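Take a look at this single chain, the form predicted on its own, given in structure tokens.
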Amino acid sequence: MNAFWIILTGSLVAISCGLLGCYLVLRKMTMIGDAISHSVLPGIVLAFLISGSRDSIPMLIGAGLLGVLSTFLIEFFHRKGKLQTDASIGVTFTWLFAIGVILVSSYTGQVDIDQDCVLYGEIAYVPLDLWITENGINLGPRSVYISGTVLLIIITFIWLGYKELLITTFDPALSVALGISTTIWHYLLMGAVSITTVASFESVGAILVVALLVTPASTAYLLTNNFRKMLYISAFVGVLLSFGGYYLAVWLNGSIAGAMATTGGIIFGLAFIYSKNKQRILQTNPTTASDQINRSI
């Protein structure tokens, strides 16, 4: 039963991250998840200092607020400071992470809270963190409910804003001509990424979340030139690496999160070999981008 809960949690997180990762890959912002996973540390510490509790709810609220702030700062430095996106990401997450380290060392020295315990979860512990009602009914791991709720939110977000997200991703100039705000949809997407990252790394680990944001989407990018299919393939790859990674870890008696990320890398390598001569989904030709939008709507 433990294997079922671990694989289910990994699959739910992988699908959420994979769907959002498709947009990040096409926007060349795949490392935003890594930035968020580090920059939320001040929010976690401040939430602890204010609430005086290590309960998950205050921690998630604090982390979520800092995640949104980090995405705002990245975009602010990029637009107003004329920095490249990667430079904006690097400046933002190192600065916020450093502030978090200072807060940890200065104000939580007598408490069991540090970078490792607040940033790096372990998916193997998922079956141990159970949701038990006041009547003593065991409803299963809390992580499954959190991950499932996040997945429903992400699917609803993509379903409602599919056209707008697609156009602002492929052709920002066209979106402006159609009256679609690229800024609003950018922040909505970054907010979704922030929520998914923060809600996921407590249970599966920050490193695995970053891998899930990048690997399934990158694999799907190599295998199709249709965006809708890219979303489906990324979700399938996420489930596949969860299954394969768990049993690889059992076979090797090693880290489950590490094995899942490794399995994702193997799948990506196979996709790369298969599709190295195929046409890529994103082209610099505006006509090709418009054709892609028409095919995917």
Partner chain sequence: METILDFFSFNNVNVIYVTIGSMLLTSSAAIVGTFTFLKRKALVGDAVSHSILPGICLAFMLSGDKNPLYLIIGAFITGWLSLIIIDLITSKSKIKEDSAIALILSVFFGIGILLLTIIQKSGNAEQTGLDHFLFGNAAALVGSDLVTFTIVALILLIVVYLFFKELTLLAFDEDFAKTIGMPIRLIELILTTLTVMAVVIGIQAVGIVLMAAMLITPVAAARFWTDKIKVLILLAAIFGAFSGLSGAFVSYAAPAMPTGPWIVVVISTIAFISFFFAPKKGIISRAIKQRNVVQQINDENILKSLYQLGEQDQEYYTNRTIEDIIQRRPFNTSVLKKGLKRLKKQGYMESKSGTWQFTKEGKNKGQRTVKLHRLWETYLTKYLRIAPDHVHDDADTIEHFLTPELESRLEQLLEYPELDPHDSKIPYQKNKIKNNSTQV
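Just so we're on the same page, rigid core means the largest C-alpha set that superposes within 1.5 Å between forms. Owing to the predicted nature of the structure, the values given are computational and were not obtained by experimental measurement. Numbering follows the first chain given and starts at 1.
Note that the form predicted together with its partner chain isn't included here; everything after this is about it.
Residues Met31, Val91 and Thr215 are all found to lie within 4.5 Å of its partner chain in the model of the complex, as judged by heavy atom distances. Distance criterion of 4.5 Å from any heavy atom to its partner chain in the model of the complex singles out Ala98 from the list Ile155, Ala98, Leu188, Ile180. Interface residue among Asp86, Glu75, Glu122, Glu164 relative to its partner chain in the model of the complex, by the heavy atom within 4.5 Å criterion: Asp86. Within this chain, Ile102 lines the site of its partner chain in the model of the complex, having a heavy atom no more than 4.5 Å away.
At a distance threshold of 4.5 angstroms between non-hydrogen atoms, Leu252 is in contact with its partner chain in the model of the complex.
Taking the partner from the other structure, its partner chain in the model of the complex has a heavy atom within 4.5 Å of a heavy atom of Ser106. In the model of the complex, at least one heavy atom of Tyr221 sits within 4.5 Å of its partner chain. From the list 62-70, 231-239, 255-263, 44-52, the contact stretch for its partner chain in the model of the complex under a 4.5 Å heavy atom rule is 255-263. Leu41: CA moves 2 Å or more between this form and the one not shown after rigid-core fitting. Comparing the forms between this form and the one not shown on their rigid core, the Cα displacement of Leu188 stays under 2 Å. Core-superposed comparison between this form and the one not shown: the C-alpha position of Trp95 differs by no less than 2 Å. Relative to the shown form, the CA atoms of Ala211 and Val101 are brought 3 Å or more closer together in the model of the complex. Compared with the form shown here, the Cα atoms of Gly258 and Val101 move at least 3 Å closer together in the model of the complex.
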